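Have a look below at one chain only, the form predicted alone, in structure tokens format.
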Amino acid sequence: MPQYQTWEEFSRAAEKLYLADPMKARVVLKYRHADGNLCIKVTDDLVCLVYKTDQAQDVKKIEKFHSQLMRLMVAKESRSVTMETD
């Protein structure tokens, strides 16, 4: 289970994983108040990508990325449209 150190690498890998097979991809967000850590995990049961952070600026990026993924998951149009991650 690779844990990414930079947000950019993780977001690109997670987007590729989701777009490869949207029906198998899952996203999990976990916050540990005791540590002040937020963890996002994207998996398709074969590959599991993890990114952990305690920085507020990364939390905003994770929130934006998660909402973009959720929009793609519920969209009725073609799922082959790539996300724009800033």
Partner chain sequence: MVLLESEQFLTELTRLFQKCRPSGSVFITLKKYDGRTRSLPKKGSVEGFEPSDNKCLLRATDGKKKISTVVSSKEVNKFQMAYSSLLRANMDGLKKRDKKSKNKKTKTAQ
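This one's a predicted model, so the numbers in the text were calculated from it and none came from an experiment. Positions refer to the first chain, counted from 1.
The form predicted together with its partner chain exists for this protein as well; it is not shown, and the discussion that follows is about that form.
Visitor: So in the predicted bound form, does any heavy atom of residue 16 sit within 4.5 Å of its partner chain?
Guide: Taking the distances in the predicted bound form, the answer for residue 16 is no, it never comes within 4.5 Å of its partner chain.
Visitor: Classify residue 66 as contacting or not contacting its partner chain in the predicted bound form by the rule of any non-hydrogen atom within 4.5 angstroms, answering yes or no.
Guide: Flag for residue 66 set to yes.
Visitor: My question is simply whether residue 59 lines the interface with its partner chain in the predicted bound form - judged by any non-hydrogen atom within 4.5 Å.
Guide: Flag for residue 59 set to yes.
Visitor: May I ask you to check whether residue 28 falls inside a 4.5 Å heavy atom distance of its partner chain in the predicted bound form?
Guide: Result yes; residue 28 sits at the interface with its partner chain in the predicted bound form.
Visitor: Can you name the residues of 22-47 that have a heavy atom within 4.5 Å of its partner chain in the predicted bound form?
Guide: The stretch 22-47, when checked against its partner chain in the predicted bound form, contributes 22, 23, 24, 25, 26, 27, 28, 29, 30, 31, 32, 33, 34, 36, 37, 38 at the 4.5 Å heavy-atom cut-off.
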